[in-house]
Ligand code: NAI
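Just one chain follows, in the form predicted on its own, and it is written as structure tokens.
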Amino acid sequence: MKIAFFDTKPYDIHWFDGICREHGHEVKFFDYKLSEDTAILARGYDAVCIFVNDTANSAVIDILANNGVKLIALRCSGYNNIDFSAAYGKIHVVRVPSYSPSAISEYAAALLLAVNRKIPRAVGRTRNGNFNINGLIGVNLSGRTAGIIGTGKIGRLFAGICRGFNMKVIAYDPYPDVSSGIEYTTLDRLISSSDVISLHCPLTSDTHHIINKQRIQRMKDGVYIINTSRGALIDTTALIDGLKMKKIAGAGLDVYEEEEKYFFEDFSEEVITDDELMLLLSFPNVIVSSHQAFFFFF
């Protein structure tokens, strides 16, 4: 096959180039994200391989199909950037249904521990020779309630980690796994009774802003929110308000609602003009990482 890779990073080339050529595929790597402006670059290719911030809406799919593309392969598990209705009957779509669930669940736990125990602040201090521990107090997770929204493979593994911390685990999922041993409850009860809320669900029209102003108001005071799924599961404005009011004790975010422009890129020498992202980065009780929970080595 002739394959066009979009939104290519150096590690993509490192891992995919040799494997594709070994199997007889011709590969072209593009730095550009797939969009209505760049889809024409796939002319003459059999397949395109895309990532989380590429766009495959109806217009893009029409351009791809009209130029001979027969397959869209997502190198991720999320699929919210694909218009399946538009693709139906024109282009096959495949994804990675189980993308490193252990890595992502472990990373979610790492975010929780780091934000609760103020680990990044502590490291920043000691690197500057400051060994004062004022302001670094956390809370015991043992005995507290972890509320998990979404119990696919990642959510179930995160539930196991929380049980290892001696936490009570409750979960909400419209399709509960009754064989998992997890205590399922309503979303309203989970929101109001959890000390930690961790998101492990796909982004759909039903889950968009599943964490919003009204639900944050019903949360326990001092709740921790963890998101390693998709940024738009959380209403960023409402999250910031909850942090300002100290309703939310901390947030660990590996994704961001408007991440497309910034994540996976280096802006260290530029001014970030996204005011909400800058606000989140300014909070001492918020950790923002650059969508790296999936990133691991076997």
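Numbering starts at 1 and runs along the sequence shown. Here the structure is a predicted model, which is why all the values come from computation and not from measurement.
What comes next is about the form predicted together with the ligand, which does not appear here.
- By the 4.5 Å heavy atom rule, the three marked residues 149, 152 and 207 all count as contacting the ligand in the predicted bound form.
- Within this chain, residue 87 is remote from the site of the ligand in the predicted bound form, having no heavy atom within 4.5 Å.
- In the predicted bound form, none of the heavy atoms of residue 224 sits within 4.5 Å of a heavy atom of the ligand.
- Taking the partner from elsewhere, residue 131 is found to have every heavy atom lying beyond 4.5 Å of the ligand in the predicted bound form.
- Contact annotation for residue 77: at least one heavy atom lies within 4.5 Å of the ligand in the predicted bound form.
- For the residues 82, 161, 201, 71, the 4.5 Å heavy atom test against the ligand in the predicted bound form is passed only by 201.
- Think of it this way: in the predicted bound form, the ligand has a heavy atom of just one of 191, 104, 115, 196 within 4.5 Å, and the residue is 104.
- Just one listed stretch, out of 226-234, 239-247, 266-274, 33-41, contacts the ligand in the predicted bound form at the 4.5 Å heavy atom level, and that stretch is 226-234.
- Contacts with the ligand in the predicted bound form, taken as any heavy atom within 4.5 Å, map within 169-186 to 172, 173, 174, 175.
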